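This document opens with one chain alone, in structure tokens, the form predicted on its own.
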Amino acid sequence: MTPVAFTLWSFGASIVAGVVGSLLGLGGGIIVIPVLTLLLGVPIHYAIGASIVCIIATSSGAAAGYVRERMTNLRVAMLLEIGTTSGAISGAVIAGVISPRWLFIIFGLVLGYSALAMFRKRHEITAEVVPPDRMSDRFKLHGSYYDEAIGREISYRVTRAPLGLVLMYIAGVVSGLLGIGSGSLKVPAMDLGMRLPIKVSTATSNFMIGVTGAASAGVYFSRGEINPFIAAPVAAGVLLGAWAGSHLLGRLQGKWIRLLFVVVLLWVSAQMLWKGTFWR
């Protein structure tokens, strides 16, 4: 493949990754890594390095709009970044000693989990009563936002903040290990574990994945695994897609996007598991 063709393919795929990543709070790595490795033949470590840059671009393109619309819970994000940043550094260090076979297998399993989590959340359900939580009350993590789809202000309470910190450390390890935003773990953790509304979980995840990616980017850069020729078109495409996706969230029905993406995730998961199983 010529350099021009490679740049165009990676740029186009990254635009799609940016849109999907910003809409679902998953980060663009779930699309960028399979495209780079399976279609464009990029080694998995270089694909993960480019994806780290992609994650930062996704967060930069979408987070500003979500913060402006008050959908991002900044207090929750700052608290949970303690766990996810520590985990990201741990995961990036571990990735340097794991063979590509296991990276493919782990990535395939994470994608399979993401598909199941997204399928379970195809119908948005907001809990009316949540268990009291001392940490959430002390740090004033509760909040509200205006839901454009239903045309009214939504107030919510946060619970089980200590559990959220533990889950965010695990999500950070996955992010640093696989080069993904780990929103597939962060969004369910906030939505199901801490009882944040799904839109708040998505917006807050978009804000957090950039910090998580930046925490592990230095490790990949020091190992020479961030190639500018690969990362530049990926970052540009994802930034453009994330900006577009942030303007679509309030207008689209999330359940149809999730159902379609479940099919894509399952297909890519199967491909990555196949490649990891028969790696030579």
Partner chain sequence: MNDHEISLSPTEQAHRVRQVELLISRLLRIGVLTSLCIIVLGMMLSFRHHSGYRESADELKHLVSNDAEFPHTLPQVWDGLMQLQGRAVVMVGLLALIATPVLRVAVSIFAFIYERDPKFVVITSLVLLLLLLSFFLGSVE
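Positions refer to the first chain, counted from 1. Quick caveat: nothing in here was measured; it's all calculated off a predicted structure. For clarity, a rigid core is taken as the largest C-alpha set superposing within 1.5 Å between two forms.
Keep in mind the form predicted together with the partner chain is missing from the figure; the text below concerns it.
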I'd like to know if V130 sits close to the partner chain in the predicted complex, meaning any non-hydrogen atom pair within 4.5 angstroms. no
Determine whether any heavy atom of A57 comes within 4.5 Å of a heavy atom of the partner chain in the predicted complex, and answer yes or no. yes
Is there a heavy atom of L248 lying 4.5 Å or less from a heavy atom of the partner chain in the predicted complex? no
Is there a heavy atom of L141 lying 4.5 Å or less from a heavy atom of the partner chain in the predicted complex? yes
Contact segment among 154-162, 185-193, 107-115, 67-75, judged by heavy atoms lying within 4.5 Å of the partner chain in the predicted complex: 67-75
Within 4.5 Å of the partner chain in the predicted complex, counting any non-hydrogen atom, which residues from 214-233 show up? A214, A215, A217, G218, V219, F221, S222, R223, G224, I226, N227, P228, F229, I230, A231, A232, P233
Does the C-alpha of I198 move 2 Å or more between this form and the one not shown once the rigid core is lined up? no
Does the C-alpha of L79 move 2 Å or more between this form and the one not shown once the rigid core is lined up? no
If you line up the core, does A88 shift 2 angstroms or more at its C-alpha between this form and the one not shown? yes
